[in-house]
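Quick heads-up: it's one chain on its own, the form predicted on its own, in structure tokens.
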Amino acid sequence: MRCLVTGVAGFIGAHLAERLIELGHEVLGVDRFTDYYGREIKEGNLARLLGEPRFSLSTADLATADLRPLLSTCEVIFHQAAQAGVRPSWGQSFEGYLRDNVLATQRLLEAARAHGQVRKLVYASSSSVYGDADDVPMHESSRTAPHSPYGVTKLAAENLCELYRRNFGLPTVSLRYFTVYGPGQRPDMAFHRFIAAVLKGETVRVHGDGEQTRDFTYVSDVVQANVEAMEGGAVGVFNIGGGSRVSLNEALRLLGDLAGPVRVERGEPQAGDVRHTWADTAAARAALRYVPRVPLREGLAAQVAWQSRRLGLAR
């Protein structure tokens, strides 16, 4: 099949495009190469794809570009593109989040509706839609009350997907990702920062007491969920968690086993951070055959090895 992957130069987008190529599909990737982090990182993410004959790349802004040429031959859309980051989404930055996460998604949905040949649109949603929930594990039917402007925009885009599905029959699947990690992870994300600090012998800064928990999900499991969403007939909203819910303190102890001594400096909790996340994935298991396969120790070891290589350290 011919697949469109938005945000293809990002962490998850690049992994997904590689997997689709491995499975024999053709991939048109689109990215606008924002300056949220260094372009050289995104170019590195694309390194293995650029030589593939079944891969092509378009540099375009989904919020302004004519999207018809991108969709003209595509059967499946994987919408990974977004302005990421919970903490930076406050204040004047919010306009960019609205543009890149809400407007861009609406334009893509409208173009897909007009195209009329889209067999599936898979949207990368987020556990941030739940907010600071006390009721865990989180079910798809749980109350959505985002705790950050970023979460507001991800929920708005998810709601748009549902609106286009219910009103126009556009077959959309929204996957609510829970704390994705692994090789290629963005440099602003917690595990990337923690590992880099440990490998360099620097202090790890943790906001809060470290007893906050996350349901960590390895990137290959997220990629497989996307593939299963494409191949199956299910539509709607699904949690995608890794089944590796631990506290940050536990994760840091594991990191100490894998990478060396961890020196922690504690700071105040940050606006927008939630206390706990934990995915109930029964719906995804039933409808998408989704089963997370990579436990936290194995996945974290792979990320440590990747970051060690990037820093020129033998491991």
Ligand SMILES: NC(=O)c1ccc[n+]([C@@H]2O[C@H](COP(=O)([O-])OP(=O)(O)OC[C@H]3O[C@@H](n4cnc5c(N)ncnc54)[C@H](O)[C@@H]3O)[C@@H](O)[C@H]2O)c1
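Each residue number is its position in the shown sequence, starting from 1. Please read all numbers here as calculations on a predicted model, not as lab measurements.
One more form of this protein, predicted in complex with the ligand, exists but is not displayed; see below.
Remark: of stretches 278-286, 24-32, 49-57, 254-262, the one touching the ligand in the model of the complex is 24-32 (heavy atom within 4.5 Å). Contact annotation for Ser174: none of its heavy atoms lies within 4.5 Å of the ligand in the model of the complex. With a 4.5 Å cutoff on heavy atoms, Val246 does not count as touching the ligand in the model of the complex; it lies far away. The ligand is not shown here, and in the model of the complex it never comes within 4.5 Å of any heavy atom of Val294. Using a 4.5 angstroms threshold between heavy atoms, Ser126 counts as touching the ligand in the model of the complex. The listed set Arg165, Arg186, His115, His207 contains one residue whose heavy atoms approach the ligand in the model of the complex to within 4.5 Å, identified as Arg186. Contact annotation: of the candidates Met138, Cys161, Leu155, Ala82, the single residue with a non-hydrogen atom within 4.5 angstroms of the ligand in the model of the complex is Ala82.
Annotation: in the model of the complex, residues Arg87, Thr203 and Leu300 none come within 4.5 Å of the ligand through any heavy atom.
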